[in-house]
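Next up is one chain by itself, shown in structure tokens, the form predicted on its own.
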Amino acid sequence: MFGLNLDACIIDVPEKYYSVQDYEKGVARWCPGCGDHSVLSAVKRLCKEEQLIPEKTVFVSGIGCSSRFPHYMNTYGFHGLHGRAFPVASGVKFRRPDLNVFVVTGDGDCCSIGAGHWIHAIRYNINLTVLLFDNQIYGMTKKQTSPTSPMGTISNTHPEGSVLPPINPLQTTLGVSNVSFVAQTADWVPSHLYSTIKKAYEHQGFSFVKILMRCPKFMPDIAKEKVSDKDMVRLLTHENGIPLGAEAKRFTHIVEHDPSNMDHARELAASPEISYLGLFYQNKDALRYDLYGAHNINYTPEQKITAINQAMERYVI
């Protein structure tokens, strides 16, 4: 014998291997050509590659086309009220840190009625993966101006064109204290879309991913322009950024950007005409509110009762 270590030959085999099909549920009811289909495919791939246990994975949404997402994932899900995805998801993750929690929201759901919750969720920096589907229109209710609609957008609420400049979700997120992860990708660049969502999932904190989304029904011209004009969409690159795949060859402009540089991130985000795809900013050291509140998660019922009684005794007269 040559002193062979048999233990080194042992391979850990998981009790169950999850395929993409294990995460599928129902038939997506989005319009043909809608960018939501691309994100659904990317997320299912992420779940398979990371072997996320379905019963340990939760998708939380509000109201809108994007918010149908939990119905198409064979995991746990919470289809909440309009604009209320963030407090629901924060509550889930706060008390169940063992779960993988994703927030799926739209430009109306997040940036309008949900804007207050969005701002504070950024500041709390709870470990959530947030996907903002930005098609720049209210689609589910059939074409009303959304907070991100460009000026001049003709819609049912502004038949002569919208009159106010839109909210810039990247600028807004980068402007909130304790922000920790901000990225942008596009539904028509599948490898970059997947890599961005994967990078966001790996980040420990509030990961905000804005996804440029095609709406072939109500905003077809904007989508066609961005897809076809190589000067309008540019890739960000850096050793700490989003890995660039073979699709990078499709882009004429690739810009070097260090995601630790907040000033440059804000400068890029403020660009009125050019959309940059990549990681704008990441701070792995930002404070996390879910860690602050995690000290009593494993308390027994008796310990919880004792803690409550001790707190109430402070008010005894």
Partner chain sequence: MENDSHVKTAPQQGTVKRKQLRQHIVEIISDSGEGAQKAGQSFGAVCAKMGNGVWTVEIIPADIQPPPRTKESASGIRIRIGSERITNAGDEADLVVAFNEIAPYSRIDQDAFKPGTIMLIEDYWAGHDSSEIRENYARAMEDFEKRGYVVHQIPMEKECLKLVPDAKKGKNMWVLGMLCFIYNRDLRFAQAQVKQAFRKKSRAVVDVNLQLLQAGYEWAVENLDLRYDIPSIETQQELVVMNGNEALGFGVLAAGIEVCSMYPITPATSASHHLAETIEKAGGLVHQAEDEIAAIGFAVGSSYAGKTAVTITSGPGIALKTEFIGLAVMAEVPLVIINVQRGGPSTGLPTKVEQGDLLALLYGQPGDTPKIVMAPSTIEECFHFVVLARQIAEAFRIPVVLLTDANLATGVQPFPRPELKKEWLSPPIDQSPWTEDLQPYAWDKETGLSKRPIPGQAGGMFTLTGLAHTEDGKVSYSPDQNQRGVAMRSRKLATFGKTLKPPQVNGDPSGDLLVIGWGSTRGAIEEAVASAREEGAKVSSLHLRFVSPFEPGLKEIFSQFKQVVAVEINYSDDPDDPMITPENRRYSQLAWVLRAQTLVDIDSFSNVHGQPLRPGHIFNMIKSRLQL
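Residue numbers count along the first chain shown, from 1. Note that this is a predicted model, so its numbers are computed, not measured. If you superpose the two forms and keep the largest set of C-alpha atoms that fall within 1.5 Å, you have the rigid core.
The following text describes the form predicted together with the partner chain, which does not appear among the structures shown.
Mapping the unseen interface onto this chain, F251 falls outside it, with no heavy atom inside 4.5 Å of the partner chain in the predicted complex.
Within this chain, G91 lines the site of the partner chain in the predicted complex, having a heavy atom no more than 4.5 Å away. With a 4.5 Å cutoff on heavy atoms, E55 counts as touching the partner chain in the predicted complex. By the criterion of a heavy atom within 4.5 Å, S155 is excluded from the residues contacting the partner chain in the predicted complex. Across the options 160-168, 224-232, 201-209, 117-125, residues that bring heavy atoms within 4.5 Å of the partner chain in the predicted complex belong to 117-125. This chain appears without its partner; in the predicted complex, the one residue of G241, P87, P147, P190 with a heavy atom within 4.5 Å of the partner chain is P87. In the predicted complex, the partner chain lies beyond 4.5 angstroms of every heavy atom of every residue of 193-231. After superposition on the rigid core, the Cα of K25 moves by less than 2 Å between the shown form and the other one.
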